[in-house]
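Look below for two forms of one protein chain, each set out as structure tokens: first structure 1, then structure 2.
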Structure 1
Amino acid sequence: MVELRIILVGCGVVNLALLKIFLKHRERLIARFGLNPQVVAVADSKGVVVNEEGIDIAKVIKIKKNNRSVIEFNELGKIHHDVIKAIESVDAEVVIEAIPSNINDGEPSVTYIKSAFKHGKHAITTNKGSLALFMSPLLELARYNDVMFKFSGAVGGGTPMIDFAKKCLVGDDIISIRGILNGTTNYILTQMQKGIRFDRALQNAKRRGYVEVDPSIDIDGLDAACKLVILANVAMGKKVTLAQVKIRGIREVHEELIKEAGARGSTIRLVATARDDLRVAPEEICVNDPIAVDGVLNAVTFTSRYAGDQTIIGRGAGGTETASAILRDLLDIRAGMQILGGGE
């Protein structure tokens, strides 16, 4: 059984959920998939701890539950302050990066991903900012360095929207994408429909771990726009970035508007659309529209030339859900490594 050595960058809800899966379900991962993940470095916002024998995951989970940094506990391993140096120097096959998205310049996610590639490591990210700004150059750099780059958790949480478009619809020509790509705003709009005020709905979403560190990224439609850019690149072959999306968030959606839509058999949702151009805006849509989902659900309809409309629905945010996407990516990478290495 070959171990897959992992450098984990970021210790928020997503990577912690992943660690919990590793801890609780290692036997199943090994028995079912032959996947034996060994976490050899963990970075949080203060620094990084390295242990090439494997880090005590249970201890990391406990430390983070108490809001402490991994670098306060040298029994975990060697403490470093430079995450980039750790990515470069620690022996590992995969870097998993799930730090908060930066939609201004993608940093430090972009530098972490590039460092991984340049040092022959495969990378998985859930980072929407870096992808929406630099997807093409990052994919090119991965190819140049002969490593794999996966990001299925960046869109749809645990719902395999990217994989559905790329793998299930492969060969077809996707001509439009229309969907609900942000769990937080969909949750808020659904709660407002039930008479709950915006502020309280936002607090509820925060408690459930859906909201970005900067909530305006969700509320102002930027998160949905990033995801639309990612989908338009992978599913439609467009070479677009965030700057090309026309964006309006949900701040102007008041309870009255939602009530009036309800009386017409409709609902208000933040809809992301890619056809000739890309836009995100609140829209009144019929409750029977397959993308008119409730709560944290995301939904996307891909319209393709031959297969017509296909809609995929699932939970669009949450730690465990997104960790499920990272697992998918890890297994893809492992399969790719076996092909490259001629199998185990």
Structure 2
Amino acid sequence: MVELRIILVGCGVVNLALLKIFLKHRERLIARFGLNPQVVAVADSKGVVVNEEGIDIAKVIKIKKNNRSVIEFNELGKIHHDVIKAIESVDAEVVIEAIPSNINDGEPSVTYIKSAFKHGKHAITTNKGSLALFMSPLLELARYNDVMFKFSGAVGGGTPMIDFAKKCLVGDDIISIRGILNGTTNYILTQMQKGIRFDRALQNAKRRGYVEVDPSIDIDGLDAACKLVILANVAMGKKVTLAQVKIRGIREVHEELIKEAGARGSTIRLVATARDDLRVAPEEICVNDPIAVDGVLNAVTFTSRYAGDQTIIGRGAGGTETASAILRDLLDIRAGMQILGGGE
């Protein structure tokens, strides 16, 4: 059994779902995978609580359910106000960062990840902004510091798009990527197929919690573009950033366009494509196309030199789904540590 000491940065929907998995399934994780996750620090927007003997995660879940900060409860551990100092000083193997994405400069995610690497800690992130802007230098810094960097949950939520490209198609050359990478716009366009106007569909998406705090990130195609950059870098070996993607969102898609497409046996979806260049734009696609999914589903087709077209479909968001991706990353890190350490 390997005890992994974890610093949790961000205490929103995703990391809370991860804590619930730890709490409910600890015995299974130990028995089946030999993994005993020990959370030794938790940071939310107000500060950090540290307990190197292990934080009572049931209390953390209860506190956050009541919209309180962890630093309001001294019984959890020592209180700190500097996340970076906690990352640097707390004795832990892994930093898990799941804070809201910043697509302008990637901060503070980038600084948190760099701090983890520089102090010999492995890192897991779900942050699209830092990856879309700085993936290549972050990967290089991880290699330089001989640590592991995982980010399966950054694209596709719990749907293993990154893992599929890296592991299932290993040895093949992926020559193009084409898919639906944003569940919010897919939900809106699906609603519009049913005759619901754009503004009403957007409001419906907001009520269901599908929309980013800034809706333009979704409807203007920025979220899908970030995910496309990540996939293109990982799956195709490109070294691109968000600035190199041609982006057009769904604001100009109106009901008449959707009706006309439907009459031709087609639908309109926000399609992300990577081949020679990268682009995100509304496209008319046949309803029988594998990526013509409805609602909040995501779908991506990888075209590889030998295997041809392979399509993976699943939910692109959700706290529990994304937490499952973090758990996969954690198990990968655990396996990697065993190899580096020569086994248990």
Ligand code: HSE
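Here the rigid core means the biggest group of C-alpha atoms that line up within 1.5 Å when the two forms are laid on top of each other. For numbering, take structure 1's sequence and count from 1. This structure is a prediction, so every number in the text was calculated from the model and none was measured.
- It is structure 1 that shows the chain in the form predicted in complex with this ligand.
- If you fit the rigid core between the two structures, you'll see the Cα of residue 196 move by 2 angstroms or more.
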